[in-house]
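Okay, so we've got the same protein chain twice, two forms, each given alone as structure tokens, structure 1 and structure 2.
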Structure 1
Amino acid sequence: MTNPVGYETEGDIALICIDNPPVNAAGQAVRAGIRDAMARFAEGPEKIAVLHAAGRTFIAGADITEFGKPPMPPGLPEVCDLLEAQEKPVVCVIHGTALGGGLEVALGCHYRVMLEGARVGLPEVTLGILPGAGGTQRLPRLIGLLPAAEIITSARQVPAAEALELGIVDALSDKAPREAGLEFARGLLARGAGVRRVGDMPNPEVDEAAVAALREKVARANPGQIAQLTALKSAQRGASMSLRDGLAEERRLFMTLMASPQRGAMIHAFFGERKVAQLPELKGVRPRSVGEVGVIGGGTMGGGIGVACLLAGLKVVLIERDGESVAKARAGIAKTLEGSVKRGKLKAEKRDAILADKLVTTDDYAALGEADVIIEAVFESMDVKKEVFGKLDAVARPGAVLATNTSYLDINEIAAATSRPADVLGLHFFSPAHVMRLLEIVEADKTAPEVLATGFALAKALKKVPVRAGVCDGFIGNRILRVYRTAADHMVLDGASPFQIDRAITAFGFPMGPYAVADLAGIDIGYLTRQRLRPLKDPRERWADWPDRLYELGRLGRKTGRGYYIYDEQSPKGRPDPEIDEMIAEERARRGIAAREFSDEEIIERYMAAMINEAAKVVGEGIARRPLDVDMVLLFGYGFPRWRGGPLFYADQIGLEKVLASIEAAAREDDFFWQPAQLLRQLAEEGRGFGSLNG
């Protein structure tokens, strides 16, 4: 293997270049290369060294191929210590990103130069760990405890100008990395500057009250998680220690996090996000080209899809039913783009160019004649969608991909409305479509492989997390959602309060409970789904009536000011409505149900058992290819806490035997709803976990 760290000289300057594409990850070969280069520099005649990188970025982090494997020397802490211990100055040049270990390497150097447009950060807490190569010790000594702790616990990336202002770097440059390093090094030589070790800087001052306030803020922002608070603890403790003792404490805390279930869950999420787009059956399948996207429907969902495509640089032709609706849709897209401008995500001139050159809004289906992909996002009605696809069949060019954004409906039936079912698939976006990262890509019976591959290629262009799903009512996510929401309704019928369930579920780690979610989505959404499924209802199925009463009373959730919660000036985020408990008590009395108490632990046990059981059925039926596909759907579309890894990863953590026992116990009360999934029972009997099926 070619040495990924090169060494050359220019006069008194040693130029050490990291070249390990694509992102110069700090793998074993890079670490060993830096170590060897430092040994050569220490023994050579050069007076100063410049550490820089080739390609598009400085060290962007650890080598993910080493995750889960035994560490190979030299470790990154050793490399950072070695850089700092040099007796001659070492200058680091940062371009692209210096994240995690990349920034820690830079902190080990004596001086830092940053190219304009570059970013630095310590994102380790997003993997359930903390910076373990001096990040929690050197950064506070360099810029102060509070600014460093904020960067570490938030995992945010710091832009170049702010990095200079904070003192993370010594200078900015608009030159190429090599030239920027040479220029800065020559200046140091001219001044006779020597080494300047971060480890020799005074310990940072500790404002106990400010640290306590930050601790409270971090805990509130990351409920249930341990990495952020542990990282803060490492930085705070290190502030009263020598660097050597602080590094030892950092390493001790790092190892405790490495052994935690949360770290395993977040690593699973990290790799799952990347693996979910890799389908063996699509290997070697070439997607069709996508440059122009048609969108049918300019409401909340259609407009969001249009914005997502526009921000990805695609041309969008959006169709609405009449001139007034066309104008409203265009205004809605413009408003959304303006919001991106205000948040600094989009420049005003770019917004203007998009609206002028990339967006066409019209009520004429003929305008879709050149579109490569056409996405239908109209009312959730089979008749309406079949009518739209009949029109598309007449105007879409040969080879165009025809996609439906349906949340539940049978895509095989929709595809049958065209003469080209092989070109049809589902692209189930989640609202708001330009924000939510999940995209369920639904493969119908006759979907051609290259059409499925095109769906994944479009998802990549839109920076979505794509998950392949099969056809069934609700696909992966909404099918599972209906079951665990039903389990919640059953607990409410039997005596729990909707508000207690919401509190228990948020304490588990979800951002919202199921009833708060219903208010946010709209009570009418659930009502329409129940009405669609009511003719299929089995006589043995328990069915709560109070959600329909809410709809009939016009209590549709946040948009009407009342649902399960009351939304007004007094409580804009909602407060429990006591009338809900009265309404539910009336239904219990009418049905002769004697209410019993539920503990929060029992609520979580049943809620999760229902979710896991249905997820196992989804995998067992092939609706999802792998358990990790289910996990990614729930993580990126339904608020499942990332630090728990997803429902099937969580099931493996607590034990499938325990999950099965919970289901069998609940089945003694309702053996129709609580039917154990065959796959769950099989894996439990074999002593295996869902992870064994991920490949």
Structure 2
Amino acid sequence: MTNPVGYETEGDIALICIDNPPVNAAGQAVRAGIRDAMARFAEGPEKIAVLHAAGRTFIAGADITEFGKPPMPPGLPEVCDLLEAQEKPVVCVIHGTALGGGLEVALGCHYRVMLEGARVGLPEVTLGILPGAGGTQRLPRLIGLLPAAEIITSARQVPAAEALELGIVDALSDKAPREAGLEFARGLLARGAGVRRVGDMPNPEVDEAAVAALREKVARANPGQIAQLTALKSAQRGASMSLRDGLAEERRLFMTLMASPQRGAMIHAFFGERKVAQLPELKGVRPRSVGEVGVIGGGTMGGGIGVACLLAGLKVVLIERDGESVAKARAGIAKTLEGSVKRGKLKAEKRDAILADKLVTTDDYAALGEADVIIEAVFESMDVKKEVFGKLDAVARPGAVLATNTSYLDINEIAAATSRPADVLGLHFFSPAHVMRLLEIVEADKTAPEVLATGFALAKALKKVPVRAGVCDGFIGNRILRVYRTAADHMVLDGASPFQIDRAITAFGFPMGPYAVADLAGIDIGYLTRQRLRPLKDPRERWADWPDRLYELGRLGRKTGRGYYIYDEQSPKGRPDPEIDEMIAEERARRGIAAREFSDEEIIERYMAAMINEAAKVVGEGIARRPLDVDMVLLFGYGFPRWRGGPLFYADQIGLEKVLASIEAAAREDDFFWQPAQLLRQLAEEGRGFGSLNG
């Protein structure tokens, strides 16, 4: 293997360049390369060294692919110590991002120059670990315990100007990395500046009350997670220790996190998020262009999709039914953009330019003639969708991609309403569409490969997490959701309360339980789905009636101030409505069901068993390509806690035999609902996990 760390000299200056594409991760070869370069520098005549990187970024961190494998020396902490121990000054130049181990390497150097537009951060907690190469020790010594602890626990990326202000870096530059380093080094030489080790700086002061307040805030923001609080502990303990002891304590805590299942789950999420976008069958398939997007329907979803496209710099032509609806849709988009301006995410001039030049709103379908991709987001009705796709056939240019945002409907049937079914696919966004990262890309029977590839290209432009799905009722996410929600409804019929279920599910790590979610999405949505499915209902299927009662009473959730919860001034976020318990008790009495107790553990076990079982069916049927695709859908669209990795990763953690046993136990009460997935049974019998199918 060639050495990814180059060494050249320019007069008295040694230029050490890391070149390990794509992101200069500090894998073993890079670490060894830096060590060897430091040995040469120590021996050589050069008076100062500049460490910089080639390509799009400085070191993006430790090489995550090495995690969980036997350590290969030299370790990153050793490399950072070695840099710091040099007797001659070492300057680091940061461009792109210096993240995690990348920033730690920079902190090991004596001086730091940062290119404008670059960012630094310690994102380790998002991987379930803590900065383990001195980050929790050196950053507090450099900038103070609280600012450092805030950066470490929040994992946020600090922009260049702020990094300079905080003292993380010594100077900003608008030059290329090599030139920036040379210029700074020459300045140091001219001043005769010597080494300046962060490790020699005095321990940071500790404001116990402020640390306690931060700890409380971090715990509240990251329920269930251990990395953030452990990282804070490491920084706090180090503040009253020598650097050497602090580093040893950091290492010890780092190793405990490395061994935790949360680390495994977060790394699975990190790579899963990237892997879903890489479909082997699309390798080499060229997507069509995505510069101009047509959106039909400017309601909740169409408006959000329009905003997502506009914020990504695309041109949007939005079609509504009539003049009044056009004006309403335009006002809705303007309001959302205004929100972005208020939050500082969008400049007012940029917003004005978008509204003037990039957004066309009209009720004339002919305006769609130039669109590359047209996304339909009209009412969830097959008749309306077919009518719209019939019209598109007449107005869309040849080669335009025709997409539907349907939540459940059969996309093959929608595609058949056009003369060009190969151009049709599903692009299932999630609400709010400009915020939610998930995008299910639904491949219909006749979807052409380059049309599917165009869906992925659009997702990339919108910075979404795209997951390929096959056609079925609800695709991946909504299909699984219906099953675990039904499992919850059954538990309620048998004695649990919706509020207990919500509490148990939030304690598990979801931001909301299924009933709070229903209130947020609107009780009407679930009702309409049930109405649509009622005629298809199997006689053996258990069906709870009480959710429909809410709809009949006009209790549609948050938007009407009442659903399962009451939303008013007293409780804007909702409080349980005792009438719900009465409604459920009535139904139990009518059906002769004797309510029984459910423990929170049993609720989680059943809820997760239902989710895992349906997820296994979805993979077994090829609706999802791999278990990790399902995991990413639940993570990015349904609030599944990232630190648990997704339902199928979680299933592997608890053991498939155990999951199967839960399903079989539940099947003794209801063998229609609880039919074990063939794939789950097969994997359990073979002693394998879902992870073995991820490739």
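Throughout, residue numbering runs from 1 along the sequence of structure 1. C-alpha atoms forming the largest set that superposes within 1.5 Å between two forms make up the rigid core. Since this is a predicted model, take the numbers as computed values, not measurements.
- The form predicted alone appears here as structure 1; structure 2 is the other form of the chain.
- When two forms of a protein are overlaid on their rigid core, residues whose CA moves 2 Å or more are considered shifted, and K69 is one of them between structure 1 and structure 2.
- A movement of the C-alpha atom of H52 reaching 2 angstroms or beyond is seen between structure 1 and structure 2 when the two forms are aligned on their rigid core.
- Once the rigid core is used as the reference frame, the Cα position of H110 differs between structure 1 and structure 2 by 2 Å or more.
- On a core-based overlay, R191 has a Cα shift of 4.4 Å between structure 1 and structure 2.
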